[in-house]
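First, one chain by itself: the form predicted on its own, in structure tokens.
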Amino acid sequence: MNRLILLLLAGTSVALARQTAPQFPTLPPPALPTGFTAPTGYGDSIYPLLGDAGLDVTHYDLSITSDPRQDAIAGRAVLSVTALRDLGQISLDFAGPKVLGVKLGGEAVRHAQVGEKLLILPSTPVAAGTAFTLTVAYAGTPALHLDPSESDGLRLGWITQAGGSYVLSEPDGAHTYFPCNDVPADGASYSLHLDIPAGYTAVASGVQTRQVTASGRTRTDFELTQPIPSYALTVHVGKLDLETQAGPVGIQIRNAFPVGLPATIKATFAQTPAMLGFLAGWFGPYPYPVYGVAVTADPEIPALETATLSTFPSSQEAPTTALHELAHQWFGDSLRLGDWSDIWLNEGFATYAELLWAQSRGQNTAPLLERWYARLARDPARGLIATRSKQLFDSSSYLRGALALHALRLSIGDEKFRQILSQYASRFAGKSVRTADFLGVARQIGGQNALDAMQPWLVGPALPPFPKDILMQTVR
């Protein structure tokens, strides 16, 4: 997500998707119905209560019926799951509409919605290693969920406004509209079936496989076969203009713009084919068969790297923001976080991609590096591993992460740096990653010098000296 612009423009008013954060008194945890136990969560260091460490969800088959004129959905989610341990109770994240029924395999099972959890009691415990399906039917208004990493009330999840609906879920908004294991470490593939009124258009992550209109309704299906984190899934419904074109090496480019969007805003994304080709030269092949952008009616949301279909506000964005979200398709979507504390592996890499692109355009990037460093010097210093939610999208995740990569590049040269990036992206494609995974690739290719260059940026808290030899003006 490119919240860097919001960081640099702190104080700008935020409307529509941002709500006034309600102030609630501290309440005891909700009472558990008889027979249920308190869920323990996945154990993520930032959001330890999200998810269930006993589940490996490999696929979600989601059927969602909606009308962009109404803040309500009806859904049916079929989860393909493998038990990682014996399960006497199954816990899913779900703050969304009322659950109408749950089946494990074909058997109806007892369930309870408690807080933002859906608790499920199998009739007999599920043994470790067992593959099974969960089917959850639900209907109602998607939950109002505010970003826990911010204080200004960015609403997350399924959002309906101005005659359209869209999804913006990072870090933990996916469970406002479908039941899931809402931690990035547990990636999954998706099948989507979107049922909307005729005359509206639906686009989503993945490749469109089917569309049928009958009896005043249009159903559109999408398939995403590569695993992604739950927050990276997106859906957009509204009066949309779809524009498609052939991209490099067989990649289809499809963009979804609100009807009447000014041409100047659309022009921001004209360089997508060139950007795809350029980033593939550094990171290796683009991970998916399709890419594009979806612009919302909201002018002030942050851009987000939703998989295969990055989400943008309906305001003028710099081309570097488009480049940033595209870079996340590798670092954040294909390579997903094993723990939220390693968010710099997403934001630092996407930010540094902006510098690589600028250099390829012949720009002098020395002033950019100096601005990054000056911003870090004004903010509280910390090492790259985040320890609390407020640090996820701070300047260290973006700028300190990018400067750590720059220090690595200066220490080993462009050839080895390119090898590190492409090897890291290919070796862990479709997998979760931690900082140690990247450092392992860096050491294998760049030796101890690579680790020595990055160490001061990683451990902190002090801000290391400004990287030397910044006057590299061309990309070899």
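Model, not experiment: these values are computed from the prediction. Start at 1 with the first residue shown and count on from there.
What comes next is about the form predicted together with a small molecule, which does not appear here.
Would the small molecule be touched by all three of Pro287, Ile420 and Asp437 in the predicted complex, meaning a heavy atom each within 4.5 Å?
No, because Pro287, Ile420 and Asp437 lack any heavy atom that approaches the small molecule to within 4.5 Å in the predicted complex.
Can any non-hydrogen atom of Glu150 be found within 4.5 angstroms of the small molecule in the predicted complex?
Flag for Glu150 set to yes.
Find out whether any non-hydrogen atom of Gly157 is located within 4.5 angstroms of the small molecule in the predicted complex, and reply yes or no.
Answer no; every heavy atom of Gly157 is more than 4.5 Å from the small molecule in the predicted complex.
Check His328 for me: does it contact the small molecule in the predicted complex (non-hydrogen atoms, 4.5 angstroms)?
Looking in the predicted complex, residue contacts with the small molecule include His328, since a heavy atom lies within 4.5 Å.
With a cut-off of 4.5 Å between heavy atoms, is Ala303 one of the residues that contacts the small molecule in the predicted complex?
Yes, contact at 4.5 Å.
Based on heavy atom distances of 4.5 Å or less, which listed stretch (357-365, 270-278, 241-249, 167-175) is in contact with the small molecule in the predicted complex?
Of the stretches listed, the one contacting the partner is 167-175.
Only one of Phe393, Trp372, Tyr190, Tyr352 comes within 4.5 Å of the small molecule in the predicted complex by heavy atoms, so just point that one out.
It is Phe393.
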